[in-house]
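Take a look at this single chain in structure tokens; it is the form predicted alone.
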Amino acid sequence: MPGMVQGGEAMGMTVVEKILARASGREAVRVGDVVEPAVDLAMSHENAALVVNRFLEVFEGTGVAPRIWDPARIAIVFDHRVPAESPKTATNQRKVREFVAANGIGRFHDIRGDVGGICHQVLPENGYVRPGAVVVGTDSHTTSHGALDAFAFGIGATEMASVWALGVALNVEVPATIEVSVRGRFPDHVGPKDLILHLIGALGAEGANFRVLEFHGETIRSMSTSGRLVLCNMSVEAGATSGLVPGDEETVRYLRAEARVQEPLHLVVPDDDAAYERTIEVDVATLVPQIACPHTVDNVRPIAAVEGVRVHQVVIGSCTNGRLDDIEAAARAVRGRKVAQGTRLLVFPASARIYQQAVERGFVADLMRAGAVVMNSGCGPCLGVHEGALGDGEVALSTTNRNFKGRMGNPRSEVYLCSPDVAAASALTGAITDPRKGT
């Protein structure tokens, strides 16, 4: 696609600019343009019940029967409150099931042990997200899907209702892009979670507001899709509209081998002369395990600053770190050992497929023998409305993505965020522990 022209000279485009230009039917766009891109995938979870209400309101008084623009482009995944924790949730889920059936929505993942899971894992592993796509979701961590070379961002229920009706996202301002150039080899027990926590700590919670974080460099090229999902998932914690990894061989490998996509793939990469707002360089070889301390995600410190803090509950899972490699790391760390007395270790595989694989490979048995409780696939305690709430004065160490006051259901508790390696090592000692030192 040709670059845009300014002052008589062609200017290159970033990945998000290319995606939005294509989706808006334009030859080119630039930062600040307001466009209405066609949506390739619209995702909701249990909050689809609210979207349904808003959607029906759109048609009230028009004399037009409610009609979804394209049922094949909508995905609904029950994950936040599974199984239902209250009659209200159960009733809302029933209403969504009825709406799904009435409108022929095929990409529906109910509470099941074969196809269920967290929306931000279910979508990639089922091949719903493709390079170059515009993906919207009624969840702030929709940013995750930028790991597959898509522009993915969160929207509200009212906005989603308009997407269901029209098939376009209204009034989208083309965001500026920050290039994140990553080099070096991760030290032992340091990985993508430590990288993104470090970046959030450096940028601050609003440092990337209304920007896209576009990840580049030798380290990213050698990183698995699982790791890339971690980076894009938590980009929103620095205020970013989305995180994004340009398509490459790993993108193709994942979509072909794991998501079983057979259709042609059209990777999107930035032009050589793409205009970035700025570039941030990170050498991961210098990183140590990072910890986000209460009560903000950008309150990031090296593990030495908080080592020894007593923890009552350790959580491994979520859309950030509930994939098979995360569970394998935890199982390897606790194999043949025991979780400390007085500490609870809860493990939430990110999807039914991952849970099944973890069972087949013996990881679940290793974890349970050590004293962990392996829960059903879902968001669990992450959002504080379901399993794993904290008691007054308790401290949690978690691989999830937020630690705001009350995030795990109790404003009189504290939540620290970390990697699976740190979480597993700390579960064995009952205190925040540096996995590099052995336990």
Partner chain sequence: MPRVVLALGDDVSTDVIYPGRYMATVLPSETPQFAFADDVEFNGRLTAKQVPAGSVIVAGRNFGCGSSREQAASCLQGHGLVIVAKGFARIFLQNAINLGLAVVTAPEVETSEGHDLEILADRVVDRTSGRSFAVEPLPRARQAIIDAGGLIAYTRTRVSRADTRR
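This one's a predicted model, so the numbers in the text were calculated from it and none came from an experiment. Positions refer to the first chain, counted from 1.
A second form of this protein, the form predicted in complex with its partner chain, is not displayed here; the remarks below concern that form.
The contact with its partner chain in the predicted complex, taken as any heavy atom within 4.5 Å, belongs to H80 out of H312, R97, H80, R369. Distance criterion of 4.5 Å from any heavy atom to its partner chain in the predicted complex singles out T89 from the list N126, T89, N103, S181. Contact annotation: its partner chain lies within 4.5 Å of heavy atoms from the stretch 151-159 in the predicted complex, the single such stretch among 313-321, 244-252, 227-235, 151-159. Although its partner chain is omitted here, in the predicted complex none of F186, H216 and V364 has a heavy atom within 4.5 Å of it. The shortest heavy atom separation between N171 and its partner chain in the predicted complex is within 4.5 Å.
The closest non-hydrogen atom of E206 lies within 4.5 Å of its partner chain in the predicted complex. Its partner chain is not drawn, but in the predicted complex it has no heavy atom within 4.5 Å of Q290. Residue contact with its partner chain in the predicted complex: R26 places no heavy atom within 4.5 Å of it. Contacts with its partner chain in the predicted complex, taken as any heavy atom within 4.5 Å, map within 373-393 to L383, V385.
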